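Just the one chain here, laid out as structure tokens, in the form predicted on its own.
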């Protein structure tokens, strides 16, 4: 495991059920502390070693799989180092902070014979997975419109969040989940995006945008809107408030407050739907490597969402409509 900044919880919660051994941990960014990560890992992998340099760790241990969860500005170079050694990669998102870096990661992946997935773990949240299964099973007909919300508490973010070159921006970091939902639920391709974002009232967080909005047009004239903010009050019971509304030709499905509501000819939209069986993204990824299953997040999904989020950020920076190739 390289880095402790990202969503390492996806790994730690699935390790006991995945028949894997964590053999080493190291920082992936300057000044990144890994003491907390190591203390958790050694509970189920007591032989785990601590390294100060991830290059040395990869060369000495030659692992089958590496988890990359360092600070965002270093993700691309660490992922490329792992791919160049033909190591499977489970990585924090976005896998790159620039389109040029993303091309480099994709090139390294194309030359390696390994599996790769980004940490789009919200696909595996029971509410979102249940809603997706309903859409996939035709319960709302053909998707025509999607609206999504990502709302977080700001708190006191680490120093690297305060610089665009190390954080990457709020649309690629927070908004990318909703970008992924749009593609995943609709099954369509992105055609264009117009976005905006603002740093006003960010409580001294430098370059960090605390509000953003994106409008995507997709193939088959599907429209999607995403709002992102860091204005969730500290008094709120939960850190985040993720919502999704998907409108189809035969009904509407909504994810809100951790529940799923379906409105169609057979459902009145008042009762929360029962959840599908719970799954784990890391466990699924390990099973895919072993040829025993399929992770819901593919390498192509990972690259596609990253590029869409980076183009949305560019649209906001330049205040103009951008078209996808």
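Residue numbers count along the first chain shown, from 1. The structure displayed is predicted, hence computed values, not measured ones.
In what follows, reference is made to the form predicted in complex with another copy of the chain, a form of this protein that is not presented.
This chain lacks the partner; the member of 166, 213, 77, 98 within 4.5 angstroms of another copy of the chain in the predicted bound form by a non-hydrogen atom is 213.
243 is the sole member of 85, 125, 189, 243 with a non-hydrogen atom lying within 4.5 angstroms of another copy of the chain in the predicted bound form.
Partner contacts here mean any heavy atom within 4.5 Å of another copy of the chain in the predicted bound form, and among 274-282, 23-31, 261-269, 39-47 they occur only in 261-269. Using a 4.5 angstroms limit between non-hydrogen atoms, residue 256 touches another copy of the chain in the predicted bound form. Proximity of residue 162 to another copy of the chain in the predicted bound form falls outside the 4.5 Å heavy atom cutoff. Residue contact with another copy of the chain in the predicted bound form: residue 180 places no heavy atom within 4.5 Å of it. Proximity of residue 228 to another copy of the chain in the predicted bound form: non-hydrogen atoms within 4.5 Å are present. Taking a 4.5 Å heavy atom cutoff to another copy of the chain in the predicted bound form, the contacting residues in 237-259 are 237, 243, 245, 247, 248, 249, 251, 252, 254, 256.
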